[in-house]
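One chain comes next, on its own, written as structure tokens: the form predicted on its own.
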Amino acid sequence: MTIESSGDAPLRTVGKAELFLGFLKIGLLGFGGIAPWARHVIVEERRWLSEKEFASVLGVGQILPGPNTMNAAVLIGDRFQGVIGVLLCLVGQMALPLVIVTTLGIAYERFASVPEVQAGLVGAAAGAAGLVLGTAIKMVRRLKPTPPALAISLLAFAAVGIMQWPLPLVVVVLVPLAVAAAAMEGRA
């Protein structure tokens, strides 16, 4: 299926095997923090989507119930290969992590009380947080958001990250503000 691109990426056909193998790679590499690797594979390596298209897909995935990268896999699979593409992306993204997590769960049950294992988990969590932050910075630099978009992003960060307000409430309040800001910018 050929799709139209809404950005700097050319018209593109992505086959079933390519979708499955791409998401299999994302699932394997993204262990502990999948969004940075999903962006790398989808935008930079395979060029399936432009930076703006990926940000849009990930944004929609963020406000839908469930993990944002799984939602993005559904949207991307559907875009390129319909229902079969959705299934291929989801199975590809989950297959290797399922095997790895099951194996690690068995090992953790046995070695959880070892201080070095506990320290390693703290270090892994810090590394995952760094990957998420690095990806966000990379996307912001390339997308060059407008001042109103930056203000809404900072409001969302403050509301959820600092004040710990529930995400659905923040989305319900900020989405209309974002739409209004975009409409006002479009008229300017």
Partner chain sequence: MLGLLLQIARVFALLSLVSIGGANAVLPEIRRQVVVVQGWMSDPAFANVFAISHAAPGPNIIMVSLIGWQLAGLAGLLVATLAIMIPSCTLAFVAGRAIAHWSERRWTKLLREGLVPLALGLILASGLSMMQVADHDAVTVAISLATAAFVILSRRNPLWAIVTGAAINIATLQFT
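Residue numbers count along the first chain shown, from 1. Only a predicted model underlies this, so the values are computations on that prediction, with no experimental measurement involved. Here, rigid core means the biggest group of C-alpha atoms that superpose within 1.5 Å across both forms.
Not pictured, yet referred to below: the form predicted together with the partner chain.
- Under a 4.5 angstroms non-hydrogen atom cutoff, the partner chain in the predicted bound form has Ser153 among its neighbouring residues.
- In the predicted bound form, none of the heavy atoms of Trp48 sits within 4.5 Å of a heavy atom of the partner chain.
- Taking the partner from elsewhere, Val175 is found to have a heavy atom lying within 4.5 Å of the partner chain in the predicted bound form.
- Mapping the unseen interface onto this chain, Val74 counts among the residues with a heavy atom inside 4.5 Å of the partner chain in the predicted bound form.
- Shown here without the partner chain, the chain has Tyr108, Pro115, Glu116, Ala119, Gly120, Leu121, Val122, Gly123, Ala124, Ala125, Ala126, Gly127, Ala128, Ala129, Gly130, Leu131, Val132, Leu133, Gly134, Thr135, Ala136, Ile137, Lys138 in 107 to 138 lying with a heavy atom within 4.5 Å of that partner in the predicted bound form.
- A movement of the C-alpha atom of Gly66 falling short of 2 angstroms is seen between the shown form and the other one when the two forms are aligned on their rigid core.
- Core-superposed comparison between the shown form and the other one: the Cα of Gly123 travels 2 Å or more.
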